[in-house]
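Just one chain is shown here, as C-alpha cells, and it is the form predicted on its own.
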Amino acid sequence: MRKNGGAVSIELAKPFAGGPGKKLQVTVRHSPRHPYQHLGRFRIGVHALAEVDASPAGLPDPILKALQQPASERSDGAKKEVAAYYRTLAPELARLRNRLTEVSNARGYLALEIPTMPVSRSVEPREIRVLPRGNWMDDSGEVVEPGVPEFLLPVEHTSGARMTRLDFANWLVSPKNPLTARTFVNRLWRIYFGEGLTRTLEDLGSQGEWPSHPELLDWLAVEFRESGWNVKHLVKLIVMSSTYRQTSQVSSQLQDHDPVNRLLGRQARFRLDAELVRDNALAISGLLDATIGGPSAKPYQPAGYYAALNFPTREYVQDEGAALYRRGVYTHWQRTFLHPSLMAFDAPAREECTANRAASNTPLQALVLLNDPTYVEAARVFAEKIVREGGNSDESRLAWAFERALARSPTSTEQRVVHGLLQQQRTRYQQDVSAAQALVSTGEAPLATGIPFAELAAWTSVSRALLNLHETITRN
C-alpha cells in the first residue's frame, strides 16, 4: 500500500482473476479521534491497464485519461485538472498542504462552537382574509394586510407597499412611538416596587388603569430611550432614588391615607417570585450555582410526575453535581407540567404569555418549604455553616443564622423560641440517631464530617424553620 497526498493505492500480490460468480470486496473502517473529522466523498477505482503503472498514482479516471494524451493535445480544462491534482500530492507542497489541513480543521471546530439560531426566510406571503362568522373555509371575507390599530402611530413602509417585520421593528423603537418604552419601564417598575405605575401591566392604555404618576412614567420612558435603551442605566436610576430606598414599615397615618401605597410613601413588601424563592434558599445555604446561560437544569422532582404524559412516554432524569443548584429560571419543565415547587409559588404555565403574576399565600407553600428535598438539603447545608462558622455557643450560632437568613439580629423572644426548638430537636435526635442520620442524608451535597448526626439534625430543624419564615421569602 502506498499513500500519495490524499490518495491511497493498493497493489495486489497477484492479479485478481475475475469472472462469473467472482466478487472483490473492499472494507473501509473509519474511527477518528475527533468527531468533526469524518469520511466525506470518496471513490474506489479499479483498473487492469498493463501499460499504466497504477501503484504510484491511484489516479482518478479523468486524470488518467488526460495523462494518456500527449500534452499538446490536452484541453485547457484537462490541464487545469492535472495541475490541481498534482498540487494534492507534490512533495514540495506537503508543508503547505498540512498547514491548510490544520487551518481547515480549526475553522471547522470553531464553526461547531458558534451558537446558531434559526431565522425566518422570505417567502411569498399568504393571502389573509377576515373569516365570516369564524368559518375558515369561507374565503369571501375582506383581504387584510399586516398593520397596527388605526389609533396608533402609522407604520412607515421602507421596503414596499406591504409592511414587513423590519418595518414593524423600526416602528416599535421609533422616537415617535412612546408605547414600547412606557410598557418596559412600567414592567421594570413592578419588579422593584411590587406593582407598576399602572397595575395593568398586560393592558397599558386607555382601557387599563391610569398611571398613579403619569409624568414619572413619561420621564423614565424618555430617559430609557435616550440612553440607547440601556437597561442597566434605568435600573441604576430607579434603585438609587430616595423613593426606592425608603423603609417598608408603614405609619398609622400612611396606612389610613394610602393603604395600598399608590402614592409611594413607603417601600413595598411582597413575596418573592417562584424561581427566586428557591434561589434564595440555595443562596443562604451557599449551594446556589450562579452560572449564566447553558442548558436547562433538572433538579429534584417527585417520581412519576410525568406518568400521565404519553406519545412518547417521558422519563425524568435528575441532574447531578452543580446542575442541581442552578438558578430557578433554568429549571426544566415539560409543557404544562411545570415543576411542582414552582407551581406552588404561583409560577404560570406557558400556554400563554403572563405579564403580571398573581401571588397567593397557601398552606401548600409551607409544606413545600418544609419537605421538598431542595429545601431540606439547603437547610442541612445551612446547618453545617451555622455550626462551623457561627461560633461556639448556641446563642452566637442563632445570631449568625438570623443575620445570614434575614439580615438582622433576632429579638429576645425569637432567641428564646428558636433556642427552645433547638433543645427539643437535640433531645429527640440524641434518642433516635437513625432518624437524625436519615434527615441529614437528604440531597446529593456531600455530608459534613466531624459533626455528630444528632447535632447536625437539630440545627437542620432550626434551619428549616428559618427558611420557612414569611420574612425569608418576602422582599422586605
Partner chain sequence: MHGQGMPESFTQGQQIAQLQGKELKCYGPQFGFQRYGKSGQEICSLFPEIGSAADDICIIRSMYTEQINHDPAHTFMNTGSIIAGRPSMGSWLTYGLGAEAEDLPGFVVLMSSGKGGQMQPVASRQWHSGFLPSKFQGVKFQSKGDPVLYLNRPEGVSSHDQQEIVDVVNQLNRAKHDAVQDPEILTRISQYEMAFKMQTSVPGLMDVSQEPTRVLESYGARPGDGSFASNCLLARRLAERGVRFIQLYHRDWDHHDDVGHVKYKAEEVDRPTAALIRDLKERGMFDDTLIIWGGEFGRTPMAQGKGRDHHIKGFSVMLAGGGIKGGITHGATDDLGYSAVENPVSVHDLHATMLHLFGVDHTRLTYRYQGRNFRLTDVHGIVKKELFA
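Residue numbers count along the first chain shown, from 1. Keep in mind that this is a model prediction, so the values were computed, not measured.
Absent from the display: the form predicted together with its partner chain. The rest refers to it.
Since exactly one of G160, G294, P363, G77 fits, which has a heavy atom within 4.5 Å of its partner chain in the predicted bound form? Exactly one listed residue reaches within 4.5 Å, namely P363.
Can you pick out, from L100, A322, L179, A307, the residue that has a heavy atom within 4.5 Å of its partner chain in the predicted bound form? Looking at L100, A322, L179, A307 one by one, just A307 meets the 4.5 Å heavy-atom criterion.
I'd like to check something about C353: if you look in the predicted bound form, is any of its heavy atoms closer than or equal to 4.5 Å to a heavy atom of its partner chain? Judged by the heavy-atom cut-off of 4.5 Å, C353 is in contact with its partner chain in the predicted bound form.
If you check in the predicted bound form, is W210 within 4.5 Å of its partner chain, heavy atoms only? So W210 does not count as contacting its partner chain.
Interface membership of R199, its partner chain in the predicted bound form, 4.5 Å heavy atom rule: Taking the distances in the predicted bound form, the answer for R199 is no, it never comes within 4.5 Å of its partner chain.
Given that the partner is absent here, does G147 sit within 4.5 Å of its partner chain in the predicted bound form, heavy atoms only? No, no contact at 4.5 Å.
When you measure heavy atoms, are F311, S341 and H470 every one within 4.5 angstroms of its partner chain in the predicted bound form? Every residue of the spot touches its partner chain in the predicted bound form.
Taking 4.5 angstroms as the heavy atom distance cut-off, pick the stretch from 212 to 220, 268 to 276, 123 to 131, 191 to 199 that is near its partner chain in the predicted bound form. Looking at the partner contacts, the answer comes out as 268 to 276.
Counting only heavy atoms, which residues in 272 to 289 are within 4.5 Å of its partner chain in the predicted bound form? The stretch 272 to 289, when checked against its partner chain in the predicted bound form, contributes no residue at the 4.5 Å heavy-atom cut-off.
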